[in-house]
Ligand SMILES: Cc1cc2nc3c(=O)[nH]c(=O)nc-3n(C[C@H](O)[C@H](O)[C@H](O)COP(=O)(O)OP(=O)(O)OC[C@H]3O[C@@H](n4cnc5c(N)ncnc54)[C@H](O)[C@@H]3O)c2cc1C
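Let's start with one chain on its own, the form predicted alone, as structure tokens.
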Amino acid sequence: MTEVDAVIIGGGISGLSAAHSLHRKGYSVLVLERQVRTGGNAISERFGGFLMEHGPSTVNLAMPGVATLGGRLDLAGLQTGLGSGVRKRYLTKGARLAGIGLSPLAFLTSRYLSFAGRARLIAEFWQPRGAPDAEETVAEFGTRRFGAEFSDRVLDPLVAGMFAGDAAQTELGFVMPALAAMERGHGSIIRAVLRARLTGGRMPARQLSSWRDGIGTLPCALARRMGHAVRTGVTVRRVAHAPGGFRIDAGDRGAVRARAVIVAVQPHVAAQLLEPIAAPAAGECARIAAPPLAVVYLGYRRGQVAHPLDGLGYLTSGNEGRPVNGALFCSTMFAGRAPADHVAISAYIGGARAPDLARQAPRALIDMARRDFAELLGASGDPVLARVRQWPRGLPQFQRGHLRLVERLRRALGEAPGVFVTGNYLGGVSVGACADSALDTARRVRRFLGQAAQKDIARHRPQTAAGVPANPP
């Protein structure tokens, strides 16, 4: 039976990042991934000159975890920045797109909001602070500070686009902690933004980056660096306590003994694996919903699309009843995403807003995206490429009370020595947040293994009759 210091169940960015950190420190690790390829939902696939992202499309390379991993894996030469063609943000308004500048205050001059909506937005300066311990949703916070129109027409689309979520259900303190911090520190979001701009702060969109071959570059590089320590096509059946640690049963692929276990899978799978070894933690994971999500990727000849595609993409308010939550202008965002004289656009359908739509047949999903692109972007004719990725379970939903749920989960794991969890439901869904959480998990695993080793040394040290070590260190 194979014996290692740590088994990592799940070969996505979270699991691979934690495993790589332990591996480079000299610990023996084994990554067990159920799929035939690593990466989790971070999959980048080429079709001729097109590059489709099945999952995340961007990364903030300035975040500490990603920066650390990029340096260790020598990925700097593969980086690609946001394209110069990104000049606006687009939101739907009826049957057209409203283009808004990238300045944080552009909504004040744009006609996307009504005059009353813009006046209410300015009044944010004088709104009182909310209760510091309130568990507000994004919609509640937005309405209180900026007014109902801004909340419905800006924040609701943003939550749907970034988290496939519902602003009326999503906890602000978890998904947008910076806004909560701005209110606490400055009393006004607009005041905080103005001060940041005056001191040279950059808008988050300008920090978005990727790699030439897409986000899948990171998990592929991590897996290559660890070699045989990564096994794919392995389904873990059960994790159980065993002398000196844990026994991981992989069915016909055998069993593994480990001193520590890191569970780095979707929350519903984590709940099943944790039940025998940390039941309270399993219960918390089981509470997290992850509604289905579909990605529809269409490639066109440039002349087929009338719109200049001069932005990241567009987002849609739930009030408009459109099937597409939003779209990304992939070939504008980064170079090399489409052949010359072609463009690539990805539509996102489903999530908390309309989970049943994501379960439709691929042909129906393509038709939904085509109709949306025809009306909003002036896309005509058949696309030259059409691909669909359906995720039966999409992004985790961070509903009211999620911060407390994460705290309860951490406390429960504290009562289960040697059991660790990492993933996009603990610190955020972005690639950077996953990397940060995974590297923190690896540090805690190293601490645990070090403490366990010290206890083993003390336990096997010869004792005198008085119970004092015969050869104290």
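One rule holds for the numbers: they count along the sequence shown, beginning at 1. Because the structure is predicted, anything quoted here is derived from the model rather than measured.
Missing here is the form predicted in complex with the named molecule; even so, the following discussion is about that form.
Only one of Val269, Ala379, Val384, Ala168 lies close to the named molecule in the predicted bound form, with a heavy atom inside 4.5 Å, and it is Val269. Of the candidates Leu32, Val29, Met52, Leu69, Leu32 is the one whose heavy atoms come within 4.5 Å of the named molecule in the predicted bound form; the others do not. Heavy atoms of Val429 reach within 4.5 Å of the named molecule in the predicted bound form, making it an interface residue. Interface membership of Leu121, defined by any non-hydrogen atom within 4.5 Å of the named molecule in the predicted bound form, is ruled out. Ala160 falls outside the set of residues with a heavy atom inside 4.5 Å of the named molecule in the predicted bound form. Residue contact check for Val421: none of its heavy atoms lie within 4.5 Å of the named molecule in the predicted bound form.
Every residue in the set Ser14, Tyr348 and Cys434 has a non-hydrogen atom no more than 4.5 Å from the named molecule in the predicted bound form. Partner contacts here mean any heavy atom within 4.5 Å of the named molecule in the predicted bound form, and among 107-115, 316-324, 227-235, 125-133 they occur only in 227-235. With contact defined as any non-hydrogen atom lying within 4.5 angstroms of the named molecule in the predicted bound form, the contacting residues in 378-398 are Trp391, Gly394, Leu395, given in sequence order.
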